[in-house]
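First, one chain by itself in structure tokens, the form predicted on its own.
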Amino acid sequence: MEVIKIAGTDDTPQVTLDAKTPFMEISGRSLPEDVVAFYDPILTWLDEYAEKPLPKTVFNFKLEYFNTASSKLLLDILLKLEDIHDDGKEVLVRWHFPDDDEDMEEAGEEYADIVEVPFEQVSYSID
């Protein structure tokens, strides 16, 4: 499988997906002009990864902001992780949010309520 490494911009998040390591990450801001075009390769990669996942997968979401259109695609990612978990593999979602950002904290809580995957809320301070 090819590694997906997308550099972040003002409108799109940084993405790191590598089937050789259990740690995957989406970070930054997600408000791409064409959200489906941006996330489609990520979802396709996860479908392929789900066929032969590592015994443990840790997916880090470190988003500063995402728009409504992105929220649906983020849920699609979480649902794919849920499928991997349902197949008996260990999956952990880490939702990182600034300790003063209640909206991002609540978004993580809402996603955690929707999917049946171990979910860890990780707050951090911005200096």
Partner chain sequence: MAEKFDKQSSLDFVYDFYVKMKKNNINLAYEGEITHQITKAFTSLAENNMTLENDPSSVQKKVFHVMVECLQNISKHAEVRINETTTTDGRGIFLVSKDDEEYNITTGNLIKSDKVNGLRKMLENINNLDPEGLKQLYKQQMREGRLSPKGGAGLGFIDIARKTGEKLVYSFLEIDEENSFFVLTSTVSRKNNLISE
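Just so we're clear, the structure is a prediction, and the values are computed from it rather than from any experiment. Numbering follows the first chain given and starts at 1.
Not pictured, yet referred to below: the form predicted together with its partner chain.
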task = Indicate whether its partner chain has at least one heavy atom within 4.5 Å of a heavy atom of Asn67 in the predicted bound form.
result = yes
4.5 Å heavy atom contact, Pro32 and its partner chain in the predicted bound form = yes
ask   = So in the predicted bound form, does Tyr111 come within 4.5 Å of its partner chain, heavy atom to heavy atom?
value = yes
query = Does Asp103 reach its partner chain in the predicted bound form, with heavy atoms at most 4.5 Å apart?
reply = yes
ask   = Any chance Ile26, Pro55 and Glu120 all have a heavy atom within 4.5 Å of its partner chain in the predicted bound form?
value = no
Interface residue in the predicted bound form among Ile42, Leu92, Ile84, Leu73, criterion: non-hydrogen atom within 4.5 angstroms of its partner chain = Leu73
